[in-house]
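Read the single chain below, which is given as structure tokens and is the form predicted on its own.
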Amino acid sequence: MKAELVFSPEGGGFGGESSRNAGLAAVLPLDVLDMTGNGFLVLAESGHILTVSHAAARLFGYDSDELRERPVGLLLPDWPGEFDPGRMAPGRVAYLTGRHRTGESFPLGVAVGRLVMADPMSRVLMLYGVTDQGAADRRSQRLLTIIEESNDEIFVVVPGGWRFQLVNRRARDNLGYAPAEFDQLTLLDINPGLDAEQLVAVHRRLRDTPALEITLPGIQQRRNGSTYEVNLRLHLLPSDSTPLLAVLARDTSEATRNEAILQQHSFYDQVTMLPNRVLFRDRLRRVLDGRDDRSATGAVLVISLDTIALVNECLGPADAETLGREVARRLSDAVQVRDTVARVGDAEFAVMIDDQDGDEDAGALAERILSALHRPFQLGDYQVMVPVAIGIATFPDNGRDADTILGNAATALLGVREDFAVGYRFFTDGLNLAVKNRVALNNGLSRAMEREEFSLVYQPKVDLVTWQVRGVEALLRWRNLDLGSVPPDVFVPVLERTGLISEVGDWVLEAACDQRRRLKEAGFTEVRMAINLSVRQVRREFLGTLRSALAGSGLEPGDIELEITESVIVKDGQAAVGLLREIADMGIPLSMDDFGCGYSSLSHLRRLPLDTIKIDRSFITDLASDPEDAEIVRAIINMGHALRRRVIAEGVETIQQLAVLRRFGCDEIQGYLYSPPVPGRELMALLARARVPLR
């Protein structure tokens, strides 16, 4: 039997109607039903199995061919049991006992349907291996929904008279006829483009080649007289009597509507209904191509509002869309009717003005936009302020084609954002060079690890009593093939801002530990390695990284020292303190770097597990000549000693600075007076070289 079924629950259609011709059923291939994960059996009136799905056969441990023409009692020994299958409500599941090929029994859910073929008493049994009744009911209802809610119009007709045996919901809705009205209609009535001879020829071909499916174009006519194009797929549903013709019709006019929708999505932002980047660029290109008077000027303003992303994250997409629509409304109110406003990104808008009077018009418009967007936006219970940055490029001065002008406007915008400013900026060649340098810096850093462009240098820390080197600080350096040697105060903030500092920091930790291992192997066992720790590294997962670095280099925890800045405490508070305590409990000394230039207080120092405080170099520079700096340094040293911390002064470069620090009782110094930072290969020689102490 060909694996195609017409399935309709007993007692009428899915919608509850009882008319046979208007039954709410569907025609689906056997393999589609198999894909639902359910098995089914088709039974003759005698109770013998006519058709069995692969899923059902597997459920009982048989092959499909073994079960055909066998009595259903082989699989369901208590069928029909205590229930009447003829009275089961649509979609309901009865619970019986199934018998596996091995003889084992198992619970089984059964939903009963009617097979609309030559034998009106043929039934379809949907089978479910169940663990509870609710799960089986849900699976049954899901299958019935799939059948009834097919996206195709589905008809089953009797060849010859072409009258309907079945019409599904999609077909009824599209055609507009009531279910009972289909009893008086034929396939030719709803599809006037077909004729009887054509259908007879189709039927003959399908009958001669049972596996064949024939596809035809058609035009179906609704009850109100309107028509729509369809693609018809016709194939036979064989039975012991006259086979039925299954017709699946797909409304191809939807493709035309979908194309219009696609156009809408392709050229307009769906939240604000403003032109998107594609349409904005096209309009700009048309303006530039159509200009006859090359002396006339225009401008493009690119407007960035990063708050939209923040609102989406904190308040949700609905409020972000509300904010986007309100921004679009205010922008449209601020411009002239002839100007074009577009949304060119999630958090970026653009305005094009033509025939402006020099830069004044663009600048005046930027001022109006800033004023319009400066007022707070009401989002539910919240008032939200939206910082705005605007980049402006004029034409023809800043370009004569759309891509150049948009790129230059974006460059001007980047100039505002890089300065963390709110306002607007015009594109200039000087700005372009500065932005290109920043872009080159960012791009270079993104590949510096891959290119092995980072290195470490080491600066000694010297005990002021013994004049012996107690430790060295590992300092990061970067030499780029294109940019040359880049100062740390230039590239380190970029690493912090871009998040690359975490990866680079892990590399620094590993490389510095390796250098400390070499020092120990060379006999410099007391020279501790100080490693700077970024605020982004102070995370729970860093503990694992730290343990791995120590284990990989064979170091003891006391062989290294971690230097943190005050920003770690300010940013993460108690969580950071807890993590630092865990590091200290491992036996790793901690040092507070750049003390005095941030927000640390006595309370911070008391609760932190610090061994050392490093006085920021800004207080050391004028130490010998500025009494105020001298008093600050004296106070830091006294406070550190009161808290039983060692105190180091960094940036020491002169004998005079050294003398003052010795008088104040500072413990150690670090700076060019003793040695500049040196590469690892020179560090060994520096430590080994006998040095006459400075007095």
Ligand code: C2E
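What you are looking at is a predicted structure, and each value in this text was computed from that prediction instead of being measured. So that there is no doubt, residue numbering starts at 1 and follows the sequence shown.
This next part talks about the form predicted in complex with the ligand, which is not shown.
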query: The ligand in the model of the complex: contacting segment from 530-538, 192-200, 168-176, 362-370, heavy atom within 4.5 Å; finding: 530-538
query: Contact residue in the model of the complex, chosen from 339, 348, 563, 181 - any heavy atom within 4.5 Å of the ligand; finding: 563
query: Position in contact with the ligand when the complex is considered in the model of the complex, options 269, 559, 153, 473, heavy atoms within 4.5 Å; finding: 473
query: Residue contact check: residue 508 to the ligand in the model of the complex, 4.5 Å heavy atom; finding: yes
query: Residue 430 within 4.5 Å of the ligand in the model of the complex, heavy atoms; finding: no
query: Residue 217: touches the ligand in the model of the complex, heavy atom cutoff 4.5 angstroms; finding: no
query: Residue 492 within 4.5 Å of the ligand in the model of the complex, heavy atoms; finding: yes
query: Full three-residue contact with the ligand in the model of the complex, heavy atom 4.5 Å, for 477, 488 and 651; finding: yes
query: In the model of the complex: members of 449-472 within 4.5 Å of the ligand, any heavy atom; finding: 459
